[in-house]
Ligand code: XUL
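The chain below stands alone, shown as structure tokens; this is the form predicted on its own.
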Amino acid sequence: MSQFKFSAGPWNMNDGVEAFGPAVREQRPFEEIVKLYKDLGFSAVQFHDDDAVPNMNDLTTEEIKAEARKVKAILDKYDMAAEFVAPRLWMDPRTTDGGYTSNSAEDYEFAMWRSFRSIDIANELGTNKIVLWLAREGTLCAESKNPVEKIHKLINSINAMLAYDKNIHVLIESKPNEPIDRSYCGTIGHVMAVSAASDDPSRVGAVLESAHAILAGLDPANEMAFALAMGKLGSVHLNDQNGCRYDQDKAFGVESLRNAFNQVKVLVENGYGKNGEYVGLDVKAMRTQKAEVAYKHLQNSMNICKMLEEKVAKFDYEYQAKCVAERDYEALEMYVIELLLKG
């Protein structure tokens, strides 16, 4: 029996479009995705603001709330929760140079409008979590922005969200690069610093995505551990990554099984999920997958996570202590490999 509840976003059932090629599959309707997730064993859906309200830029605040309530009815129909809502700022022409750190006052106001509407949508969907993937909060040209000024602007923007709704929690999803190459919040350590500088650090935490940590040259399990040690790991996005390429969002554990094992191990050992946290998957089907089976990346990721949970349950902590006492880490490494290969 897994201690985890799982979530995924509609974008994980994507049509295969990427920077290097067009769509290869038809996009499934939203309700069909929700039903599929329920059938696969998921408990919640992750949302961008425009996943819930696609044409939100053309609607009033009350119209946005009404559309969000229609989505809530679909979730309720399949007994699914909403994990979080994330303002999708990076896809709008007005946030080409960033949202919270834009050099344009008008574009900044748009970014804040989307952020406040995301909070409204979250309230209608029944979640108090707002995720900020700071996709363009940085720069492609170092001299185009004053980084100290812009980092303060980012913190002030988060403070405005906290003031807008006293129950909302902001979770920052760190990433070192892509689409910009100089991120102002590239790692969990950066997230912890922003949290500490906010008006209410208890309501500002982190989302750790496995691939983003790998892109930063860091170990995902250690990044999770750092956030856990600070009491600020609000969510995880499990996936995998084949080196420092573009953000691949591969199925969890398919590239580095031991790395994946240690991520699950640190979550299990520290009671992750006991306070309602979800294990989120952010994985995309290979473009080679036919439409009718373009869900196996999610099914495989969940199953691999659960199988690694079973390996953690079998982990011999007495033998670990013996190896540590004798400082025989070679023996401990061989034990872990045998556990994963033979179990």
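The first residue of the shown sequence is 1; numbering continues from there. Small disclaimer: the values here were computed from a predicted structure and weren't measured.
Here the subject shifts to the form predicted together with the named molecule, a form of this protein not shown in this document.
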Does the 4.5 Å heavy atom contact test between residue 90 and the named molecule in the model of the complex come out positive?
yes
Against the named molecule in the model of the complex, would residue 83 count as a contact residue? Criterion: heavy atoms within 4.5 Å.
no
Looking at the partner-bound form in the model of the complex, is residue 48 within 4.5 Å of the named molecule by any heavy atom?
yes
Any non-hydrogen atom of residue 136 within 4.5 angstroms of the named molecule in the model of the complex:
no
Of 107, 120, 255, 247, which one comes within 4.5 Å of the named molecule in the model of the complex, counting heavy atoms only?
247
Check, residue by residue, if 11, 175 and 282 all come within 4.5 Å of the named molecule in the model of the complex, counting heavy atoms only.
yes
Where does the named molecule sit in the model of the complex: which of 121 to 129, 209 to 217, 150 to 158, 265 to 273, heavy atoms within 4.5 Å?
209 to 217
Checked 306 to 327 against the named molecule in the model of the complex; residues with a heavy atom within 4.5 Å, sequence order, are none
